[in-house]
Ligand SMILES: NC(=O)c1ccc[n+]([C@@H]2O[C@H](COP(=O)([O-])OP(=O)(O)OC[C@H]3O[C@@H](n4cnc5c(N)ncnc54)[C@H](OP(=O)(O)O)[C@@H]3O)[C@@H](O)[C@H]2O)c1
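Shown here is one chain on its own, the form predicted on its own, set out as structure tokens.
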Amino acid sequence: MIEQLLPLTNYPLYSAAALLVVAMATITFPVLFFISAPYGRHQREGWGPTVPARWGWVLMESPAFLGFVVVFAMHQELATATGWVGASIYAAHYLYRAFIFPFRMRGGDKAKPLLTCFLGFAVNACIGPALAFGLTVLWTTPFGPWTPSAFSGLGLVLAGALVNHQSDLILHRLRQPGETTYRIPYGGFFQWVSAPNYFGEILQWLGFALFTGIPMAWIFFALTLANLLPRARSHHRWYKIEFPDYPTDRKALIPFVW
């Protein structure tokens, strides 16, 4: 990891992207801790122009996929077998998030502030290319696909993906097409936490960072925590306010802990 940090002065665009993501993680956590992000159940007036939520998701998430694919393709000859596996994990996730999930989600016609879409676009436009660059040009990690660290990382990626998609499916089935009523979700990891989809995503990117071992993957994991920890807290608090019969033993994000 140290070896990868040393040549950053030779790659100013990569350095700028990494620093921007670090800055966003530093700012995001305290802001979202006090202000619920204005989307979905937390949508409210006063955040400027809006777009339908499904198109907002496409706008936000597509640069994470497209930017990654373009940069990785430019340097693919430098990618190791481990780099290809890491690239497949990342690309598959964001292919789904950018171009499949938005058209499966209930309430896709709800308003989403353009401001949040553009902020997401800017951060993802840095993360995708920077991760691809790290997995190819800057790949100097001694870890390979058969180390204990890599194996545990792949296990966490798989476990997180399963939790994430199971939770999305449960939420998807809560309402019929055209319905806007919110209900208490049950089943899967909702038995223990209010935001199991966030918990699954955190596991995925922790596993990705362990598997690849590159600094940008750890920076991305830090941003994921900064973004999802306060959002899970907001969701948990909203459920308890909206539903007097909400399960009292259910935690916000981490089963049995918090």
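Note that the coordinates shown come from a computational prediction; the quantities given were computed from them, not determined experimentally. Counting begins at 1, following the sequence as shown.
Just so you know, the form predicted together with the named molecule exists too; it's not on screen, but the next bit is about it.
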Three residues, H75, W84 and F211; all within 4.5 Å of the named molecule in the predicted bound form via heavy atoms?
-> no
Would you kindly say which of L171, A79, L95, L162 lies with a heavy atom within 4.5 Å of the named molecule in the predicted bound form?
-> L171
Here the chain is shown alone; which of A91, M105, L119, A125 has a heavy atom within 4.5 Å of the named molecule in the predicted bound form?
-> M105
Out of 67-75, 149-157, 163-171, 131-139, where are the residues with a heavy atom within 4.5 Å of the named molecule in the predicted bound form?
-> 163-171
So in the predicted bound form, does any heavy atom of Y239 sit within 4.5 Å of the named molecule?
-> yes
Answer yes if any heavy atom of M216 is within 4.5 Å of a heavy atom of the named molecule in the predicted bound form; otherwise answer no.
-> no
So in the predicted bound form, does Y182 come within 4.5 Å of the named molecule, heavy atom to heavy atom?
-> yes
Heavy atom of Y39 within 4.5 Å of the named molecule in the predicted bound form = yes
What residues in 220-251 sit within 4.5 Å of the named molecule in the predicted bound form, counting heavy atoms only?
-> T224, N227, L228, R231, H235, Y239
